[in-house]
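First comes one chain, alone, set out as structure tokens in the form predicted on its own.
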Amino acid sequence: MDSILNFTNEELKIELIGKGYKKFRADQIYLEIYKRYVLSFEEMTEISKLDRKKLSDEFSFLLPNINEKLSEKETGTTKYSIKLLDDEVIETVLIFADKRRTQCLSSQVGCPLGCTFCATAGLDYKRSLSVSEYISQVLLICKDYGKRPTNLVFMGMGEPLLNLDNLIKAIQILIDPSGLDFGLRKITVSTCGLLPELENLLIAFPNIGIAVSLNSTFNDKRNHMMPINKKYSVEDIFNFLIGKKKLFKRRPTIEYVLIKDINDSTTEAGNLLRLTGKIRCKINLIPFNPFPGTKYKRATEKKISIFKNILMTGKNAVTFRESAGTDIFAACGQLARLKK
């Protein structure tokens, strides 16, 4: 029995008409789920009891559960531990900044890529998420908070582009005007640099935000930090960004996690300035966020300042993202079912 959350509106119309329902029923169900956050057929009181019973027999509406909820006092950042139907656990984070409510979504249970600066890499990789599990993350937070997030970032557990088909379909549902109605300019997908999959994502959604996690300009160092570099090197990434620039309707972001004595040198900064000088992009510097068992440390404030100032001599915008959620292990690189 397929989950009702796996269907786009058009797919649901075709499915329901084939089962003898009126065409408008799909719009009605979409309205209940995605505008009113009604998460069971039984609660859809504007639908007849007979149809509610029939729908319950024909479609699954089983949802994951919020297993635990932790909030950081200072920032309000809230981490949700979500228990999936097979008892696996993922995490999603709601971050508050100015008037934005940004939800960080997970794509996999664990991650197979082995990035050494990320706590998720220390978990056993189990599987990628289904379309309905992507959508459930958003709906559970909508229901709990009472409003939908203003922005979505696919930057949580796992590599989104290793789950490309489900990612694309989930985004189709999330941007549907009859549903949650997110604009593509409010959605960003972060990747370690899976280039063929990135090209396919951009073909599907040219206006989507793209963030490429780089973290070193030297291949030998990036090989160690991010083993995917052995397949898609630093040069491959920048050749792609230059060669496929017509696919990008928005400037891509180069993400760079600053780690003490690893990738915070002026040489790295100079290399990054040279490489990014060839493209129109944004550069987002991120402090390393420690987690149990790591040997890495956050770069010093002095090193961060020098690194940033070098980059600011270039033509591209440079930002330094102060971490929110470190007190509850909810910041970038910390999602691994950890608690303080």
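Heads up: residue numbers just count along the shown sequence, starting at 1. If you're wondering where the values come from, they're calculated on a predicted model, not measured in any experiment.
This protein has a second form, the form predicted in complex with a small molecule, left out of what is shown; the following refers to that one.
task: Please run the contact check for residue 201 against the small molecule in the predicted bound form: heavy atoms, 4.5 angstroms, yes or no?
output: Judged by the heavy-atom cut-off of 4.5 Å, residue 201 is well away from the small molecule in the predicted bound form.
- request: Using the partner position in the predicted bound form, report whether residue 286 sits within 4.5 Å of the small molecule, counting heavy atoms only.
  value: Residue-level check for residue 286: yes, a contact with the small molecule.
query: Does residue 77 reach the small molecule in the predicted bound form, with heavy atoms at most 4.5 Å apart?
result: Judged by the heavy-atom cut-off of 4.5 Å, residue 77 is well away from the small molecule in the predicted bound form.
message: Using a 4.5 angstroms cut-off on non-hydrogen atoms, would residue 109 count as touching the small molecule in the predicted bound form?
response: Result no; residue 109 lies far from the small molecule in the predicted bound form.
field: Of 137, 128, 229, 191, the one that lies within 4.5 Å of the small molecule in the predicted bound form (heavy atoms)
entry: Exactly one residue meets the criterion: 191.
message: Looking at 171, 262, 155, 152 here, can you tell me which has any non-hydrogen atom within 4.5 angstroms of the small molecule in the predicted bound form?
response: Contact check passes for 155.
- request: Determine which one of 313-321, 6-14, 326-334, 19-27 lies within 4.5 Å of the small molecule in the predicted bound form, judging by heavy atom distances; exactly one does.
  value: In the other structure, the partner sits against 326-334.
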